[in-house]
Structures are given as C-alpha cells and as structure tokens.
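This document starts with one chain, in the form predicted alone, laid out as structure tokens.
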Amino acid sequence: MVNIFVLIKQVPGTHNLEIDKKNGALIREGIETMINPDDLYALELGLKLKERYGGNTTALTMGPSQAEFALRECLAMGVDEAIHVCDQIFAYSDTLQTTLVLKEVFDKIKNYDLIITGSQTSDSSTGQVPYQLSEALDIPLITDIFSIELKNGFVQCQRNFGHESQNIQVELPIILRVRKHFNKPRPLSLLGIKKAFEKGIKKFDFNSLNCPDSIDGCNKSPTRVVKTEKISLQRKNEIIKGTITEKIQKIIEIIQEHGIEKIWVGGAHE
C-alpha cells in the first residue's frame, strides 16, 4: 500500500490581500481564504495515484486554526485523512523553520512513500519548501514531471529539464513537485462535503513534536520581512484616429519611441 502525503497551504484570496503595516506580513485573521491554487494540482495527482495503485492519501498543512477549513476541502475532494500542524510558536515561520517543523512531523509519521507539493504559494511565491524538505529528510526530489508510474517500490517518470526530456527511475520514498496545469483538479461533490465534516483531523503542536528550541517563527526565523506592498498594474489606453496610413505611421512612431522596433533586412532582423 502506498502512503501518499500532499502538502497544502491555506492562503488569502488573491483579491483580498491586506498587509500588516507594522511587520510587513500578510494579515490572515478574519479574511477570506482558499487552498493555494498550485496545491490543487498536487492534490489531484495524489488522488489519481491512489485510484490507480491503491493506498492512502493524507492532506497536511501547517497553519493557524482556520486552516482546518482548507483540510476539510481536501477531505471533500476525496483524500482519506488530514493532519493539521498548528501552534502559536509556529506563527510567521519562514520557509526554513517551516521545513524544520515538517521534518519533525514526517520523522514522527515514519511511514511515508510519496510527498507531493505544488510549485509555489500565492502569498510568498518562494517555492523553497520542497527543495529544503528533500534535504532535511534526505530523500530525492523530482520536479517538472509529465508522466509517472509506480512499480515494485520504485517511481518511473518522465520530466522536462530545460531542453531535455529525462526518464527517471528512483526508489521510494521521494518528493514530487507538481507544476501548475499538470492536470485538472476535480470539483467538490455534495456527498464529499458531507463526508468531510464527519471525519476527524489529526493535530500536531510544538509539544507533540521533537522540535529544536530554535523553532520560534515570530522571533527566530532567519528571514526578515523588510517591506511588503501591493502592486497595481494599469495599462494606458490610447485611441489612434485618422486614415489607415495615418494610424500606421502613428503606431510606428510609438514603437520607435519605446525602442522596440525591429529592422528587417533580407529575411533577417537587426
């Protein structure tokens, strides 16, 4: 039986981002949240592998108490179990401290074959945790896959790496980092939602793990947020009037003004 764990994160809705002006961090209390969009592709892969090869799927998140709702959504999608790592001492952890906590979680679980993650989170976009967790657990990480098979305790997969297509075979356990649009996440069903609220969620806190004393997200994370700000991208519209010839000439002038024109000479361009 294959034991599959999918790492997810609850993030603020992309249209609902607010920043704490004192510490530069995102405000997460009392705002609309959702499962990180990239993590849905990781969830779908975990569910498809379970359907094909059997086994057990577990969604795991580290976050505040309200992150339980994201785990309920995972259960509604069809995962078998959910684990919530939650403690105030973990608040504001950077990717390194998050990785160290997750290492302790998996050291406690022991029996894991596949750990699947998305490519990055919408609230920080670092994409560092899969790489760091691979080092912390001393297991391989495979990225950018486009096909995968499990056979006799091994993973066989194909991945794109730059201009290369690679065939890889590696023994379990491993971490897989799934890119956006790798598959199509399934919708929730009413029956799935009903079952999701009938299941329990396993909890881990600081005292239930063997975390080192250096774990303290608020005070000991080596990363410091200097400044966070919203960037609003706006396009300037310009209506060009006149005859076709006049419009073409005006467009050429605009292109030249911004230095993006190309001069074509004998089929080549400069």
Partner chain sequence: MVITRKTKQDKKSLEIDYKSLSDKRKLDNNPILNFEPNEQLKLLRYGVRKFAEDVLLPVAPIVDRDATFNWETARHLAKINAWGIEVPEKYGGAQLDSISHAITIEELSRVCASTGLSVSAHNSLGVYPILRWGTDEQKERYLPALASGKMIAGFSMTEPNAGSDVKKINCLARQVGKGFLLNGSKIFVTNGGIASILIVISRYKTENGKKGMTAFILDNTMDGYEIGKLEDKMGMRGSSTTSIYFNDLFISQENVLGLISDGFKIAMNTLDVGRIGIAAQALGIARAAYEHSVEYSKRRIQFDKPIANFQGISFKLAEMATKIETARLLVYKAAHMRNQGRDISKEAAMCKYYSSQIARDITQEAIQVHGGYGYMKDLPLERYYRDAKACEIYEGTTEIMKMIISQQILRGNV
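Residue numbers count along the first chain shown, from 1. Every value quoted in this text rests on a predicted model; they were computed, and no experiment measured them.
Here the subject shifts to the form predicted together with its partner chain, a form of this protein not shown in this document.
Among heavy atoms of residue 200, none comes within 4.5 Å of its partner chain in the model of the complex. Within 4.5 Å of any heavy atom of its partner chain in the model of the complex lies no heavy atom of residue 53. Although the partner is absent here, residue 88 sits far enough away that none of its heavy atoms falls within 4.5 Å of its partner chain in the model of the complex. Residue contact check for residue 206: none of its heavy atoms lie within 4.5 Å of its partner chain in the model of the complex. For the options 102, 145, 175, 76, the residue carrying a heavy atom within 4.5 angstroms of its partner chain in the model of the complex is 76. No residue in the set 150, 152 and 159 has a non-hydrogen atom no more than 4.5 Å from its partner chain in the model of the complex. Residue 40 is the sole member of 40-61 found to place a heavy atom within 4.5 Å of its partner chain in the model of the complex.
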